[in-house]
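Single chain ahead, by itself, as structure tokens, in the form predicted alone.
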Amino acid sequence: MSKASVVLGCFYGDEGKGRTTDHLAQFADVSVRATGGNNAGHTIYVNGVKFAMRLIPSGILSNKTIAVISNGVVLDPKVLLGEIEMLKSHGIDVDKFLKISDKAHIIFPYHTHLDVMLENKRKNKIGTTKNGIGPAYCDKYERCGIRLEDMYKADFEENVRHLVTVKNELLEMAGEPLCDADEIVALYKGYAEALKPYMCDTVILLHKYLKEDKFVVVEGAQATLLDIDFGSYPFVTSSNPTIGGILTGTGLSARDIGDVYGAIKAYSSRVGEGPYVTELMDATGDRIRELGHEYGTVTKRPRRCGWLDLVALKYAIDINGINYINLNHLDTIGQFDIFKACVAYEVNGTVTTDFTTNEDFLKAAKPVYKEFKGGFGDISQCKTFEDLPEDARTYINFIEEYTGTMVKLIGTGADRENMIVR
């Protein structure tokens, strides 16, 4: 019986999880998306073609890997069907490889309207993508959500009309545009028909695959410091993109988990509001953004950028049980003559290497940096760790020594082939 490998983000998302998954998917039988919705995206380059994946596991790009959207995901059918058509246009056999959980919750237009309304009325903005993710999860836990399997029940139309009435009352009180029940019912009946061939009980399916000794890769969405419990609350996402969310979002158990890969960049970035200790609000931060093309896959928003935070990385490793690091954008940071990494925080006169998401702590924290030499030159053709310049190897060795975790995958460029595997 095999164990599932898991790919998670260590910071605020956009660390290159898709690249790790894409690499593993070349050998995987099954690729799984466990949490989040179309507020997250994985950008993959295959043979020079850019794929912005928002819901379907990026492992499907191998065109031989079964792609599973499991129960922990919230689905916007319009976005999902658009992604299906995009993949088909590139020759991906989606009908053969895509499986969607019957227990995945569905995003409706009223979720999006409520998301916009709530963000606009917040005293302190969270930075939501306004795609309806949070309100859909709220309905899930309030136990009035509609799952994929519910779209085929006799009372589907009745339930939708009731929920539209309830949500419209909230929207009306806030002076927001109302939803049209007739339009939603007609639209979502069409979506249901289109999605039906892909629906199954993915919990049964995944356990079956493991018992058949298949190689299963679970790809996380968002990242550790955006976790609803362990991130910098309230500036977080609406689900658990840490290892616990992988279990509840798939139905796998702790004994089913094997290797856990933590994706990071050789620097750091964040989208949206919230504390960010190593952020550089100057020309250096701007240069990192431009060199790394740091703009949101889904939103196109410019990302906040800064140096790598090794204090926060140790926290992510502890939370998730990470045993391998995937370091991306080594080529980007190598374009600086000198760059830095945060090795401790100075908080009210005390130096610490302990991380906590307490907002007052993070606001008071000042990064303590260690400098490294850059100027790596073109490393895109390096095939082994030994091929890398000495200063690049020094940086990687320090990360390993500081965290006690092996850097197994090293991203040296934008293409799929620009990856060193140790």
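What you see is a predicted model; the values in this text were computed from it and never measured. Heads up: residue numbers just count along the shown sequence, starting at 1.
This protein has a second form, the form predicted in complex with inosinic acid, left out of what is shown; the following refers to that one.
Contact annotation for the candidate site: N39, G127 and I133 all lie close to inosinic acid in the predicted bound form (heavy atom within 4.5 Å).
In the predicted bound form, inosinic acid sits within 4.5 Å of a heavy atom of V271.
Taking non-hydrogen atoms only, G411 never approaches inosinic acid to within 4.5 angstroms in the predicted bound form. The closest heavy atom approach of Q222 to inosinic acid in the predicted bound form falls within 4.5 Å.
Put simply, G18 is far from inosinic acid in the predicted bound form: not one heavy atom of it is within 4.5 Å. Interface residue among H90, R301, H162, K153 relative to inosinic acid in the predicted bound form, by the heavy atom within 4.5 Å criterion: R301.
This chain appears without its partner; in the predicted bound form, the one residue of M117, L210, I257, V236 with a heavy atom within 4.5 Å of inosinic acid is V236.
In plain terms, the part of the chain that comes close to inosinic acid in the predicted bound form, with a heavy atom within 4.5 Å, is 271-279 out of 315-323, 271-279, 348-356, 328-336.
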